[in-house]
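One chain comes next, on its own, written out as structure tokens in the form predicted alone.
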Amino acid sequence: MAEPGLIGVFDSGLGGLSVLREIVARRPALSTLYVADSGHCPYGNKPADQIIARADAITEFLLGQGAQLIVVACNTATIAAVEYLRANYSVPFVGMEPAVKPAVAATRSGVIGVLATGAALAGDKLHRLIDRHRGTVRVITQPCPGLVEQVERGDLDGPQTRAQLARYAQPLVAAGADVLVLGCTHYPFLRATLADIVGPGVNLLDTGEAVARRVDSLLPTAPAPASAGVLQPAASRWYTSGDPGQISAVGSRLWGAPLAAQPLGG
């Protein structure tokens, strides 16, 4: 029998851990299944049909393990696949939506930047979101090839990572952006390095906390009190289509507690 409230979370790799951290901060006793599809990472350079196929396969796996709610903890996969998943499965799906609306509300300069993957920027969904909320605000989008791979390697602040972040972010700031939207779940792990590059006058926004609130609202019981510093759920299982040793090592660093990934296959 499925565990009450058991949720599945998946991403192209380890970026979704930034979302899971927020979920577990609200529900420290939550039982979770996490899939890092690292054997197919990154999604950002893949066509929509390939991303849908991966999302479909992972959903089947998570349902087979007893998941009763699935978080698509990947902006690219949400844009490409969440409508398909909702149309073909009866369980609730919670997807990612880049923080364009709060960024528009927060800007003082009237200019915001959106850092995202190539696939996210190639689709219509993100641009519809921008058009819906931008009002009179100028929104500059910036594809960020290579950043996902740096996070997957565990390189959060090395020279190559810093150079990439500077190349992508500094032109946005020079154009007047005082808010940058972190439009990929890998990017919050680069927040400290990015903040150092752009300075304290630029606000960095992601939607992990908003997703956690949405998950909490869909679960059947009231949230348990959060315990400061507690990241390990009561019952967590970790899977990857990549190298379990690599994912365990880097994932433990990102998660802030030991995790042991099992092979997913496929």
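Please read these numbers as outputs of a predicted model, since none were measured by experiment. In case it trips you up, residue 1 is the first one in the sequence shown, and so on.
Heads up, the form predicted together with a small molecule isn't pictured, but that's what we're talking about next.
Interface residue among A177, A103, L190, V148 relative to the small molecule in the predicted bound form, by the heavy atom within 4.5 Å criterion: V148. V215 falls outside the set of residues with a heavy atom inside 4.5 Å of the small molecule in the predicted bound form. I70 falls outside the set of residues with a heavy atom inside 4.5 Å of the small molecule in the predicted bound form. Contact annotation: V35 falls outside 4.5 Å of the small molecule in the predicted bound form, judged by heavy atom distances. Of the heavy atoms in I58, none are within 4.5 Å of the small molecule in the predicted bound form. Only one listed stretch (122 to 130, 74 to 82, 169 to 177, 155 to 163) carries heavy atoms within 4.5 Å of the small molecule in the predicted bound form, and that stretch is 74 to 82.
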